[in-house]
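Heads up, the chain below is alone and in the form predicted on its own; it's given as structure tokens.
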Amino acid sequence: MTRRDLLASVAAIALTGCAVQTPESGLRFLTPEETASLTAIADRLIPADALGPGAGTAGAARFIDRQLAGAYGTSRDLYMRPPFLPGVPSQGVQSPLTPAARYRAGLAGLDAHCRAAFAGSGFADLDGARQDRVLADLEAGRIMLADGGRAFFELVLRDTIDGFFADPHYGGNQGMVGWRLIGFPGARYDYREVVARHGEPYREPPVALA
């Protein structure tokens, strides 16, 4: 799937307390090693091209780190009582694991798989072609992780897309590269100066919340 195909498939963009990192790292949940792996994954899911940097370079891992350190990571606002039975796709993941726990286990399992398959090299150490092959195997369910390889792939893909298009206030989309890519104007106050100029492309740069 090309970057343009991936973005075209997104019909709607959701702007969606665990281990605390040191202030120097700027991380709230992920370790530096987990962040390196997640940044590399995000840069393969939405890679750099002539139109701009990839999602990892644009801060998707930082966005995910902040989400995992909050209500999303702990499933604070979700019903998390058993029994956990297999459900239909529309019901989402049925698991006792929170997103924070799924990321911790998933990234560790993925790195362990890579080190076993590639002479001790973690995911972040692989070249782009090998990273793409690993992610394709993960998506296809050929790599088994504690919470399911395909389920972990879909979790990271969804959160990477969120991070690439969320307001920069939340850690991702640095430089508003995601918004610039699709021509989204951001959080502008109003459009009175241009509302009557029908048929003209809107060329003003995007504006973030901050």
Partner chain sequence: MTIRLKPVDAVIIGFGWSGALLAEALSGAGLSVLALERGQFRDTAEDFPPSRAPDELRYAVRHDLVVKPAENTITFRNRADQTALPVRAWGSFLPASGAGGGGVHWNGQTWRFRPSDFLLKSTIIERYGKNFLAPDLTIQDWGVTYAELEPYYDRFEYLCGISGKAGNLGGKIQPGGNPFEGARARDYPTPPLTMPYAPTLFAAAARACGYHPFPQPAANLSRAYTNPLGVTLGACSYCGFCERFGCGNYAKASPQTTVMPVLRRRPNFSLRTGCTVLTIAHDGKGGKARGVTYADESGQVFFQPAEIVVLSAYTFENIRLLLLSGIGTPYDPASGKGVVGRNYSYQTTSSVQLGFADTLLNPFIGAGALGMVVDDWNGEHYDHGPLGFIGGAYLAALATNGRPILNHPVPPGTPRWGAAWKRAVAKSYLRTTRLLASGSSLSHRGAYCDLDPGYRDRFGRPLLRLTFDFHPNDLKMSEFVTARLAEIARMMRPDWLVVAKRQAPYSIVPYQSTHNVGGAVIGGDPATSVVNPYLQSWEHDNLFIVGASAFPQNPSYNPTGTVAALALRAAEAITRRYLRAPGPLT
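Just so you know, these numbers come straight off a predicted model, no measurement behind them. Residue numbers count along the first chain shown, from 1.
Absent from the display: the form predicted in complex with its partner chain. The rest refers to it.
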(message) Even though the partner isn't displayed, in the predicted bound form is residue 116 close enough to its partner chain, meaning a heavy atom within 4.5 Å?
(response) no
(request) Indicate whether its partner chain has at least one heavy atom within 4.5 Å of a heavy atom of residue 32 in the predicted bound form. (result) no
(message) in the predicted bound form, does residue 93 come within 4.5 Å of its partner chain, counting heavy atoms only?
(response) yes
(message) Can you work out whether residue 62 and its partner chain are in contact in the predicted bound form, taking contact to mean some heavy atom pair no more than 4.5 Å apart?
(response) no
(message) Where, within 63-88, is there a heavy atom within 4.5 Å of its partner chain in the predicted bound form? Residue list please.
(response) 63, 67, 72, 76, 77, 78, 79, 80, 81, 82, 83, 84, 85, 86, 87, 88
